[in-house]
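Shown below, as structure tokens, is a lone chain in the form predicted alone; questions about how it binds or moves come after it.
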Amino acid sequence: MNIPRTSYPRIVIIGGGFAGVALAKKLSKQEVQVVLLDKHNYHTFQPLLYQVSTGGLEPDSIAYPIRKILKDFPNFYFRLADVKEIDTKKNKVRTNIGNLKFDYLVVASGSKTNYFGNSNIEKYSMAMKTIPQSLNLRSLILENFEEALLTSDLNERDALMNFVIVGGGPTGVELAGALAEIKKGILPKDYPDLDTRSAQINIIQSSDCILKGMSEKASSRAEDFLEKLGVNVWKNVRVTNYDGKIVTTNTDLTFETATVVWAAGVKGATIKGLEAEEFMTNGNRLLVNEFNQVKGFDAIFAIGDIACMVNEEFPNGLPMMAQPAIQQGEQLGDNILKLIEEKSMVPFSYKDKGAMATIGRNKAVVDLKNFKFQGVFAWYVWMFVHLFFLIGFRNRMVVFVNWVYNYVRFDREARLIIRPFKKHYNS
């Protein structure tokens, strides 16, 4: 890997997401060597991936080069690498570009889509966890309408314009709202010779409410917003299979559709070497103590989505969201320095800053610790918070200008099929 030898302790971070970047920034300008490994050379602002999928933003406005984030930090090295295995006995990581020894290892590999063992759903549905996946979904959505123009088969046309989103969390709700606005304000102008009124947006939730992690008021208002936009909300329905044409459920409901977006859950993106049952939970998350040390190790840590820190308030681990990841990264930076100096580490304490979701133009729900509100003001708060946490002045300006333009013109300019998408099914 051509990483210089050093007398400083070497801290290897796997993953350039919210947690990994927060940790690297915290360790900047300290007397340590930091090596960050990631399969991509950019950090992705995942909360806005759905806007890439629906043509509201281009991908470069929610991505930022990792090297640029940390360019002024001495003793920092980034390598574009796919980590294959962690050798816990030799304190070494094995990657596709070589091996590297570490003094301290931090696993911040994040999460990936959880299909709960259903191979058909994994094979035929669309995920939306990365920028390439979001671009694929954008292309597929636009291609479906192009194909709908060409077919004279009414059933096929309806299936091409029927969208099923599985999962009523923030990702599913925000995507459904965005698609509903496209149907209402954009499709009639783009496809005047196609009856886009027959397009259907369905969101399927296995429990009795959407946005389950938020307040009852937020869930109820979000459902009202979706229904006013024309979204069909199906609760207490569990998808059991999708064969590329028909969605079947645990009820009598079936859906004929060419597009299923799977947003029903995630699991930890584990790495070989830490996959033994004693290290992990059922959700493929690494069990960590109050200092984010992986169970059974003193010098191996996990933060962010991959880490499961259990306590009385969170018996199933901290929520897999950006704020816990950022806070864990920042505190672990301090704790590793304390560990190097042979001082006592400070237990992690999560400060819940609330949750929010947008359902479209002038519609959002916000749950803060002591204050909950919905509607237009919540929508402005949602926009401000997301702009604030975007990395880079340019990205903030580009996103802000796009949002203002989209609001004034009721348009989404990035309706481009840059690379046509056809899902290649494995036999």
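Numbering starts at 1 and follows the sequence shown. Nothing here was measured: the structure is a model prediction, and the numbers come from that model.
Keep in mind that the form predicted in complex with a further copy of the same chain is missing from the display, and what follows is about it.
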Inset, instruction - Using the partner position in the model of the complex, report whether Phe393 sits within 4.5 Å of a further copy of the same chain, counting heavy atoms only. - result: yes
Legend entry - Thr151 within 4.5 Å of a further copy of the same chain in the model of the complex, heavy atoms: yes
Inset, instruction - Evaluate Asn41 for contact with a further copy of the same chain in the model of the complex, applying a 4.5 angstroms cut-off between non-hydrogen atoms, and reply yes or no. - result: yes
Inset, instruction - May I ask you to check whether Glu227 falls inside a 4.5 Å heavy atom distance of a further copy of the same chain in the model of the complex? - result: no
Inset, instruction - Could you work out which of Leu142, Leu337, Ala322, Val237 is the residue within 4.5 angstroms of a further copy of the same chain in the model of the complex, going by heavy atoms? - result: Leu142
Inset, instruction - Could you check which residue among Leu287, Ile131, Ala355, Val266 gets a heavy atom within 4.5 Å of a further copy of the same chain in the model of the complex? - result: Ile131
Inset, instruction - Mind telling me which stretch in 59-67, 359-367, 27-35, 374-382 gets its heavy atoms within 4.5 Å of a further copy of the same chain in the model of the complex? - result: 59-67
Legend entry - Contacts with a further copy of the same chain in the model of the complex - residues in 182-210 whose heavy atoms fall within 4.5 Å: Lys189, Asp190, Tyr191, Asp193
